[in-house]
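Below you'll find only one chain, the form predicted on its own, shown as structure tokens.
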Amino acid sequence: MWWSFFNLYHPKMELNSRFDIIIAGSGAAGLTIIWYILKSPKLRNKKILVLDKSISPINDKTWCYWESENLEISEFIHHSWSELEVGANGKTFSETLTEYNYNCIRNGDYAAAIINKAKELSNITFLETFINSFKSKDQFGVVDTESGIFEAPIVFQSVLPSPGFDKSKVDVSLIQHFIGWEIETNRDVFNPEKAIFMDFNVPQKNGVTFMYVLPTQNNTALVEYTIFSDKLLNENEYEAEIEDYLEHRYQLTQDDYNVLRKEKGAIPMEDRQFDTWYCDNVMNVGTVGGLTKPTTGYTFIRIHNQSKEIVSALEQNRKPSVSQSSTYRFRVYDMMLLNILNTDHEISLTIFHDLFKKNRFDRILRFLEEKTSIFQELSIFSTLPYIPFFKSIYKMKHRIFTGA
């Protein structure tokens, strides 16, 4: 069996040797695989190596998701919101969710909790080192690092793009890039029960732009300036826009708040298909495995779904065979919207305006989660301007009619 020889390895072998499982990358994807392994009686005693250039938990990212079912990760949730607000074309729409909660998790809290649990087991090793490359050899995945060569029958990696990444078919390649400030104000200005999901009622200077506000108390919130475009800005440009938003939306001057921490990111928004396997025995996970939804950037729930599939396969001594993150029709929807975001910023804002004005927020979230029926999707599309989508279909027909 593909998995049967694992039990032959002695637990006191030297570090530069074989492991049962190697996880290269200690971000959300790698940590979540560890989390589900720790919950598996069949796998938690396997000899596991976790590699990354830095494994020290730092709260420099916030992962958000919405859920209608319990993911058994409530202990990690930093804050939840039951009400969302969206602004576009000078209007504002708010709604209390009935099916979902909108949750956020701090990456440092998530990492610290999982790493601390994993370090209680002597069979799991964490090593900080630079990862050079991956290859397959004699039924093993091989990881070349600055600290030596490591191999296992299965390697999960989230640090390097696949060898054919630059040659893969892509028509639209945007970036969702942002800088956020977590601030504490000298007076109460926020509603900790309501998150500003997207506020497009801001200057649209460099692409489709919105503000994102996650209040955790009446005087604390994470405020992010986000753009969909193909070019990053100077850090000062993002921060100047945050200052302007705080002044115009909340009447806060720089003397009225302290910046507790900052975070920034650049998430790919591309219509390419990603390879599941880097090479034989080395599996791509997380963003490099194509788990980021191209039109939203949300990845966290997809990572959990993939990790559960992976661990289930390993428990059954099977090589993981994870299904694509999106079905054909949702890949087509993403391609259409990406094309519009790339070519017509004004229409993009109208689409967001009509989407949230004419549809229940819960249904929109279910659609973004790709759990709607085709009839529900047609109902949603009927509320939007249709000509831009027909134009997008025509422009992307070479992809849409050849399997997306």
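When you see a residue number, it is the position in the sequence shown, counting from 1. Predicted model only: the values in this text are computed from it and were never measured.
If you look for the form predicted in complex with a small molecule, you will not find it shown, but the lines that follow are about it.
Taking non-hydrogen atoms only, Ala29 approaches the small molecule to within 4.5 angstroms in the predicted complex. Residue contact check for Asn359: none of its heavy atoms lie within 4.5 Å of the small molecule in the predicted complex. Using a 4.5 angstroms threshold between heavy atoms, Asn201 stays clear of the small molecule in the predicted complex. A residue is said to contact a partner when one of its heavy atoms sits within 4.5 Å of a partner heavy atom; Thr129 meets this definition for the small molecule in the predicted complex. Picking from 344-352, 362-370, 49-57, 33-41 the stretch near the small molecule in the predicted complex, with a 4.5 Å limit on heavy atoms, gives 49-57. In terms of contact with the small molecule in the predicted complex, the residue from Pro192, Gly87, Gly207, Gly297 that brings a heavy atom within 4.5 Å is Gly297. For the options Lys169, Arg318, Lys264, Arg329, the residue carrying a heavy atom within 4.5 angstroms of the small molecule in the predicted complex is Lys264.
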